[in-house]
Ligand code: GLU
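A single chain, nothing else alongside it, follows as structure tokens in the form predicted on its own.
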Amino acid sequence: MNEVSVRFAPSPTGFLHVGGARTALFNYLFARHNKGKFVLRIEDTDQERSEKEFLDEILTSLKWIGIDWDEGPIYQSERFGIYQEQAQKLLSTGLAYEEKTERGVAIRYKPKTESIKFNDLIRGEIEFKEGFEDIVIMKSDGTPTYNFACVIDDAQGGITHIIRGEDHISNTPKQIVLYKALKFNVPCFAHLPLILGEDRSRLSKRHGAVALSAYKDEGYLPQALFNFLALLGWSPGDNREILTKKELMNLFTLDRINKSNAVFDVEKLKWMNKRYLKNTSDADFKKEVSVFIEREGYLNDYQALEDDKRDDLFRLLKPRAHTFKEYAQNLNYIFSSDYPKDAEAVKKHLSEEKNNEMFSALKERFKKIEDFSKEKIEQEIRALAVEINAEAKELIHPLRVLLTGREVSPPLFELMEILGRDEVLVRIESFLT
């Protein structure tokens, strides 16, 4: 058997979305597993819709997530002469004919067969019993059609396996016909299942970020997204979910790809990214997260914190963050008095009139603390709870919501120490007035 050779062939008419990224990833893993070649081809025959912005984003996103290519990028726009030459061969042998249109002369190929059967490496035997219309191979503007160009490129590039989304299944019989007409070897085909949103509809923008670059901007680690995408429709077979790039290369085979559609579970991605973040060194984490802190507008305040307070804050927030962006956004209740407040949490913990008396009593106690440490803070809160015959949590929960705007946060006493006595008193006073 010839060396395994696969390709990823995006069109620069839009950003690289997660479906395309997974296709690239599966091709990449298959090539690396088989010590083969991974080719990057840019299908930019649609000159009106192709944009450099999209091309740059595709290349940057592939590199960011950790996919490198052995050959390319190969640009179809630089191969128009080759497509014209192959079309002329079919014309000269009578297998194709010219068709005059309002815009010019197109070239069509007339299939000789009505039934096409092929073995899909994921789905098994697929047969198209009904024929199809004559295939346009060159459009009237002189550019090749998708099916014609990719057949020539794949054949001349020595591509042995075409791994792509199931939406291309309908193109396969036409391409097989053209392979045979041009006397090219027909490659193996493997069509991947769709990626669905959690509501089981096809993944779209309404399910959240779809472009790969958007996940980078949200503060996900590339190795976490690499791991996550590899498990969308594929399994190592032993229920493991955290796998390194090297492990995925060693384990990846097409027979472990599921025939059913995959579900893009955002919560699972967050969980996985949190695992990767926890294993990131403090130095690397601080370097990466500083970009996001700056975007949120808190970098100067963050850097101005006393070293020990900043270290304490880092220790509290790092293990709880699902993304770098979430870490940065969690600083809003540290450095801003206008932090968002969860409506349900406010309704649950801050609506009772007795809170006024409790917060007033806490304010007086906190004023007297000279060493505003977590130990002293806890001591005063628990002492007040005993005094008013309440459980400590009846004071802690409302205080947490008042100071952070949320029901769940890092340990409250440690957060209050970082905020400092003056800021805590200002926030309590703001509530009381």
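This structure is a prediction, so every number in the text was calculated from the model and none was measured. Residues carry their position along the shown sequence, with the first being 1.
Another form exists, predicted together with this ligand; not displayed. Remarks below refer to it.
Participant: With this ligand left out of view, which of L25, V18, L415, A9 would have a heavy atom within 4.5 Å of it in the model of the complex?
Facilitator: Going through each option in turn, the one that passes is A9.
Participant: Using heavy atoms only and a 4.5 Å cut-off, determine which of H168, R79, K309, R108 is in contact with this ligand in the model of the complex.
Facilitator: Going through each option in turn, the one that passes is H168.
Participant: Between this ligand and E43, C150 and R164, in the model of the complex, does every residue show a non-hydrogen atom at 4.5 Å or closer?
Facilitator: Result yes, every residue of the spot touches this ligand.
Participant: For the chain shown here without its partner, which stretch in 274-282, 85-93, 142-150, 99-107 has non-hydrogen atoms within 4.5 angstroms of this ligand in the model of the complex?
Facilitator: Heavy-atom contact with the partner occurs in 142-150.
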